[in-house]
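Below you will find one chain, with nothing else, as structure tokens; this is the form predicted on its own, and questions on how it binds or moves follow later.
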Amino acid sequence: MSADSTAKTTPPPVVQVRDMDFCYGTSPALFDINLKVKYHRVTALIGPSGCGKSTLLRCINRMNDRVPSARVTKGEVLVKGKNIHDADVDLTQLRKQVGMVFQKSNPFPKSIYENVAYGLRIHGEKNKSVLDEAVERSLRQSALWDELKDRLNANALALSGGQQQRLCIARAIATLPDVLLMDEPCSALDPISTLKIEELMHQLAQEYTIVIVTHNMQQAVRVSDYTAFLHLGKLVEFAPTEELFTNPREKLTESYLRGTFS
């Protein structure tokens, strides 16, 4: 096989961060970040508080744009080979392509049905059969359909915390994003709800690419294929999860994993 044909059959990373520096005002937050996220894999971002995990996650769908003076000062972020800071990038379309689930569940004060259909309606979908199909698909993929199929008109705020977070996942995947960002999605949940979300991530990775921020190293081991360790805004090490946790290359990574980190 020729080099040209090989290049055509090897897809680029779904997300690629290249030589990126990021600042909040005059305060640097990320330094020279290089990261490649593979299709249909779960990538975990770990590290101590304030190391830049959530900032890096929010760079992937430009959620940091909501913070005045926050900006990429060097490098670029590519989603499916496209620089997301190009002038022709539509933020609404980008966030359809790169969905997000936040630390605290944030369902809208609407019905369960309307929560899931929200993104599709924003993008102009009015066909009820299309909306019905998307709502059912998304609730099934979020392991909620059997629990909620007879309550679609009920207020989403009446759901339990774990159900609300799975509903937020259903809302995020209703638009069929390429990437699903999850910022500590289990931190406010009880152990049983956490287990359900973790099981869900394994299933969703068959259809979507997932990047998750977690403070829980055991969770990173359980759910992720690849792990990135950040410290003081720098990407110290990035490797397959089993490799990083059992045989870290960097002393700083080893110290953090052993709990001797200071």
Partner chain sequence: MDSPEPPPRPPLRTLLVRNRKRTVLGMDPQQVIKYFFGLNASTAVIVLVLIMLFLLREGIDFLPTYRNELVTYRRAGLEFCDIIDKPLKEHQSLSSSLRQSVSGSLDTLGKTARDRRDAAFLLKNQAEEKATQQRETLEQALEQAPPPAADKLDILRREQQKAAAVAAASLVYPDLFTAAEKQQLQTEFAALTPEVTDLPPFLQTLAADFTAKDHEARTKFEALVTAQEEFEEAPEGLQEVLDELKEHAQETKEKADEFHVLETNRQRLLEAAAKAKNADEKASLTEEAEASVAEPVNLDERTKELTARAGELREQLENYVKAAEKASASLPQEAGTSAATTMLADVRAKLPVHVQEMRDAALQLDQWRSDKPVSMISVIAAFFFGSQWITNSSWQDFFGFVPLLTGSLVIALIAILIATPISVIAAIYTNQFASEREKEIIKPIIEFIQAIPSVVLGFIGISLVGNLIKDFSEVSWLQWVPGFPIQERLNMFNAGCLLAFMAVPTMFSLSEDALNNVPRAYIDASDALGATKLQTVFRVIVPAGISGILSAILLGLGRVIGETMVVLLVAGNRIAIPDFSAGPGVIFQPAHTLTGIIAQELGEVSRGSSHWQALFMVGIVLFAISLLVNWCARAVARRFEPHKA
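Residue numbers count along the first chain shown, from 1. No experiment lies behind these values; they were computed from the predicted model shown.
The next section is about a form of this same protein that is not shown, the form predicted together with its partner chain.
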Only one of Lys110, His85, Arg140, Lys80 comes within 4.5 Å of its partner chain in the predicted bound form by heavy atoms, so just point that one out. Lys110
Answer key: of Ala188, Ile122, Val130, Val89, within 4.5 Å of its partner chain in the predicted bound form (heavy atoms) is Ile122
At 4.5 Å between heavy atoms, only one of the stretches 70 to 78, 92 to 100, 145 to 153, 130 to 138 reaches its partner chain in the predicted bound form; which one is it? 92 to 100
Can all three of Asn106, Tyr118 and Leu157 be found with a heavy atom no more than 4.5 Å from its partner chain in the predicted bound form? yes
Is there a non-hydrogen atom of Arg171 within 4.5 angstroms of a non-hydrogen atom of its partner chain in the predicted bound form? yes
Distance check, Met63 to its partner chain in the predicted bound form, heavy atom within 4.5 Å: yes
